[in-house]
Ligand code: NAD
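Only one chain comes next, encoded as structure tokens, the form predicted on its own.
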């Protein structure tokens, strides 16, 4: 029985995790579940499965009538509890830079992390991987692409046998839209993802392909591969979640219907496999699998991600912070869809800070966002 801390429980990853736990009550138990503000939804989980503690981290989440022995409030309270309670693995599904501090907290106390918060590695990849190694913790990816890569690498005897990693991307809703028509994209259009059901922020990131850019940086840190050895291919069917090409030309892939319950379950059960929580993949019903290269002119954030990854230092933190702020503005109808990459590119015209510490990373993240919000 693995004891799980589930952070970001009311988001799409959190909801899928609850389904996995319900499917395997003899294997998993949630000892703590957190959400930012949706306390009613969070407490409903307690009616479905046994959860020892609930934490609401948002300032507006507190309600005096809800302050009981197992309902807690505030980020500081959550961080303290992560040091005190007994658990085996943390699933960090907090969206955005807010998740970084919890990844750090889990690793510092010697816990393995099932990581859905890609920003932890994008912002502080060198620090996170060093912490994991120092404390003998495993970082197990929850993103379907990185879960696929991890599975495809299991047969490799050593890294020198790997020629490249191939990250697949759905292409989002605008992969076939001509660049001239991007000026007419609305918020409603951008929120219509063709294959995945995700939160608003990640859905917009998929539409701009910033999400794939973040995954490139994440893959670099997770698998210790050079950026020139990471390729992106558009795969509209979202059935092959990623691939690894070996030095002899063999390509190993992982296939399944697009359902996040599968990589979540594998991250929690690793290294074991359990009966499916998701629908089994029927290959006879898949009539075609297509691939093509992304259009870097239409999706400039993809190229910028490679650039900031290679520059290293503080640049990926700036890239992530500017993108988060720009997406927030777009979701509030304050900028146009095509303004998102322009804002990000503008913020990257600064001097780099090599080997930033955690305090510098957090401060730069805050500084960039405040600057963008003030200017727009």
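Residue numbers count along the first chain shown, from 1. Source: prediction; values computed, not measured.
The same protein has a further form, the form predicted in complex with nicotinamide-adenine-dinucleotide (NAD), not shown here; the description that follows concerns it.
Could you tell me which stretch in 328-336, 311-319, 343-351, 33-41 has residues with non-hydrogen atoms within 4.5 Å of nicotinamide-adenine-dinucleotide (NAD) in the predicted complex?
It is 33-41 that comes within 4.5 Å of the partner.
Listed residue that, although nicotinamide-adenine-dinucleotide (NAD) is not shown, lies within 4.5 Å of it in the predicted complex (heavy atoms), from 239, 198, 139, 89:
Checked against the cut-off, the match is 198.
Answer option from 210, 165, 107, 94, heavy atom within 4.5 Å of nicotinamide-adenine-dinucleotide (NAD) in the predicted complex
When nicotinamide-adenine-dinucleotide (NAD) is considered in the predicted complex, the option within 4.5 Å is 94.
Residue-level question: is residue 356 within 4.5 Å of nicotinamide-adenine-dinucleotide (NAD) in the predicted complex, judged on heavy atoms?
No, residue 356 is distant from the partner.
Residue 103 within 4.5 Å of nicotinamide-adenine-dinucleotide (NAD) in the predicted complex, heavy atoms:
Output for residue 103 is no: heavy atoms all beyond 4.5 Å of nicotinamide-adenine-dinucleotide (NAD).
Look up in the predicted complex whether residue 233 has a non-hydrogen atom within 4.5 angstroms of nicotinamide-adenine-dinucleotide (NAD), and give yes or no.
No, residue 233 stays farther than 4.5 Å from nicotinamide-adenine-dinucleotide (NAD) in the predicted complex.
According to a 4.5 angstroms non-hydrogen atom cut-off, is residue 12 in contact with nicotinamide-adenine-dinucleotide (NAD) in the predicted complex?
Heavy-atom contact with nicotinamide-adenine-dinucleotide (NAD) at 4.5 Å: present for residue 12.
Given a 4.5 Å distance limit between heavy atoms, list every residue of 105-129 close to nicotinamide-adenine-dinucleotide (NAD) in the predicted complex, or none if there are none.
Counting only heavy atoms within 4.5 Å of nicotinamide-adenine-dinucleotide (NAD) in the predicted complex, the contacting residues of 105-129 are 116, 117, 118, 119.
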